[in-house]
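Consider the single chain below, provided in structure tokens and representing the form predicted alone.
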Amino acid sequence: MTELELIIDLHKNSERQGPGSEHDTLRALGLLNLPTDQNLKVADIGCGSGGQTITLAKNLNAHITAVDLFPEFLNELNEKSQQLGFNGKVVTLEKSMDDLPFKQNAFDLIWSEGAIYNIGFENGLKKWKNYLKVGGYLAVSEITWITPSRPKEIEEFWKAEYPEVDIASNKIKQLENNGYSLTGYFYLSQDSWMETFYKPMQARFETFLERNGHSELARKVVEDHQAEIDLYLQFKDYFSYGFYIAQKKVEHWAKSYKERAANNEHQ
């Protein structure tokens, strides 16, 4: 198996492939003002095995398109959906998030927990805005500094891993500069990293190694993930995922200008 295949194998049969929790998903949902008298169109981009997708399905009157690049995770989500009777409510799509087949103004809500970094935060804001109806919502979690300054070691690590890491106020400016209006923000608690992601992952290390014959590459995968956990434990007071909930703005000025221009043409 390749290293990527081993990483997928490690993360299979887990509720989440990144920090988060049902509590966080519900908290973000609570910051939306969605209509309740219609069936909503929702996209969950970078859904993984769909822990948050199932929470959305349980709490929304919606048709959900769950997108991920890896069929192993989508198969798990399909099984969960079928068991819960959501197989008509949740439809999976194996696709890269930078090559989506969606039409303009297709969705009332675009959701993405811990995944937008794959194409870059601002790039994702611009691309995905086209798929949102005017007044529709975007809800994404993104790695974020939670203090104004931090030790050089962790700053250099994240800037090398993901140069777009930033403080929340700058992320919010990016949202506003790209046609969104912020409706809510919070950052994930340490429990959302340790209790629902890292500790369950650590509990899978031994069976993962046994399943893969304690190969050198399998041991490397475990060591790399443990190093990630150690880094988080050392510097957990300085960064987390920020959850950003924003609404696609109605461009009143542009609309009124076009209407005036059209009226003048007919006079």
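Numbers follow the displayed sequence, beginning with 1. A quick note: this is a predicted structure, and the numbers were derived from the prediction, not measured.
Quick note: we don't show the form predicted in complex with a small molecule, though the next part is all about it.
Is M97 close enough to touch the small molecule in the predicted bound form, meaning at least one heavy atom pair within 4.5 Å? Judged by the heavy-atom cut-off of 4.5 Å, M97 is in contact with the small molecule in the predicted bound form.
Whether G179 contacts the small molecule in the predicted bound form should be assessed with a 4.5 Å heavy atom distance threshold; does it? Outside the cut-off, so no.
Touches the small molecule in the predicted bound form: G136 (any heavy atom, 4.5 Å): G136: no contact with the small molecule in the predicted bound form.
Does the small molecule come within 4.5 Å of any heavy atom of A115 in the predicted bound form? Although the small molecule is absent here, A115 would touch it in the predicted bound form, with heavy atoms inside 4.5 Å.
Triple contact flag V165, F239 and G242 to the small molecule in the predicted bound form, non-hydrogen atom at 4.5 angstroms: Judged in the predicted bound form, none of V165, F239 and G242 sits within 4.5 Å of the small molecule.
The small molecule in the predicted bound form: contacting segment from 206-214, 219-227, 30-38, 63-71, heavy atom within 4.5 Å: Going by heavy atoms within 4.5 Å, the stretch is 63-71.
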